[in-house]
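So here's one chain in two forms, each on its own in structure tokens, numbered structure 1 and structure 2.
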Structure 1
């Protein structure tokens, strides 16, 4: 199928080269940040499939993220599973939750879809907050990372773990790109543009939407499992609605409808958060280090500026620039 977006591949290549350069020249802190960005990129790409491709804005996507994280924690700590089997099982559990949720959610549209996903997300958060088997509001710690000794590597080393999650993020991007450029991806776009017309033509709209919802939930569960390994700790906050809001902002900043844009949005917001909350950054600028405590306010200003002056996000701006150069 011909490429509908000439900017996506060059944009992805630039992002990959920047990530590679950061990994090669990075110190301990940079590898930790790279791991965080890669995991959030996977999470953001999962939501981008729903928002950009199908037009379903979910405010409960963190439920699948938290499910993947908690399932990994429970399987490795309580049942003493190896991490890789636990990762696969956690991803499948998130997929099952997405399937059960999707059966109800896809019957709604617009604000009603937002509200039902928000409600389900908050139900998951409330359960995790009270469940003593999972540490309740204290969470769970001591979660191990995947065992890579069979290839002579130690995933507890920051550079090894960051490389692992970067590779996984690249694989997720590649598979999702195949999906969105397939006939199935074209059907999802058709649903986005005119769901009623497709239904009138005999399209299996509900089936397509449910499958997209399950795929997105599965990938979010994968991201949750990886974040549990990265931080070695999970808490109910992973399922709170603000986490869904934050990843939605990443998708919007990067550009809805672009998988690479979702990665860029995750990278930009993560780097901004770490930079603006670092008192030494403000000191190096000759300003009061106390400004670091206002980093959330500054992030809000940045998001407002993006919405006002770049409604189509980073990817959309690049596409417009390309079109203007091409003439």
Structure 2
């Protein structure tokens, strides 16, 4: 299939080079941030598949993120599993939850889909918040990271862990790109454009939507498992509806329908949050360092401005730029 989007490939190349440069030149703190960005990128790419490709706007995607994280925590701490099998099992559990809830969710559309996914996410959050077996509102701590001793590495080193999650993010990008460009991806896009027509043509719309929902949930579960390993801690906050909202903003900021955009969106939002909440940033600007405690205010304004004025996101801007250069 010919590449209809001229920007995506160079954009991805630039993002990869920036990530590589940041990893090579980065200090301890930079590697921590890189890990965070890589994990959120995986999370955002999974939602990008749903929102950008199929037009299913989920406000409950954090449910699968939290499920992946908690399953990893419970399997490694309660059952003493090794991390890698726990990661696989956690991803599978998130997939099962996505299949189960997706059966219901895909029957609704538009605002009702938003509301039912919000309810699903909050259901998971409410359960985790009260579940004693999983530490209730305190969460669980002491989750180990994947064992990389078999290739002679220690994943507790920040640069090793950040490299691992960056590689996983790259693999997810490749797999999702293959998926999006396959006939199945074309079918999903067709659902986005005109679901009724596709149904009239005999497409199994429900099957395709459910499969997309499950794939997105599975990848979100993988991201959840990685974040549990990264921070060694899980709390019900991981599943709160605002997390679903924020990852949706990442997708919008990056540009709907672009996988690379989702990565860029995750990076922009994460860096912005770290910057705005850092009191020395405000001091260097010659402003009151107390402004740092109001970073949520500025993030909120940023969300609003991005959604109102830049609906097509970073990817869309690049594309327009490329078109204007081309003439």
Partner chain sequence: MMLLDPGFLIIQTLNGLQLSMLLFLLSIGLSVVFGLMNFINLAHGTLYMIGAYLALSAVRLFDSFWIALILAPLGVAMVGAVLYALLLRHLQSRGPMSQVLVTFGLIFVGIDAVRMIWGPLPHGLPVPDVLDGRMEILGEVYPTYRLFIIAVGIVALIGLYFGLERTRLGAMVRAGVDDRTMTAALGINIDRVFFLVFCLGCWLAGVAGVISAPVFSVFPGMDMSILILTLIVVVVGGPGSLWGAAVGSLLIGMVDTYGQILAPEFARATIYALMAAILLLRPHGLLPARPIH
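A quick note: this is a predicted structure, and the numbers were derived from the prediction, not measured. Basically, rigid core = biggest C-alpha set you can superpose within 1.5 Å across the two forms. Numbering follows the first chain given and starts at 1.
Matching the description of the form predicted together with its partner chain is structure 2; structure 1 comes from elsewhere.
Once both forms are fitted on their core, the CA shift for residue 17 between the two structures remains under 2 Å.
Taking the core as reference, the C-alpha deviation of residue 307 between the two structures is 2.5 Å.
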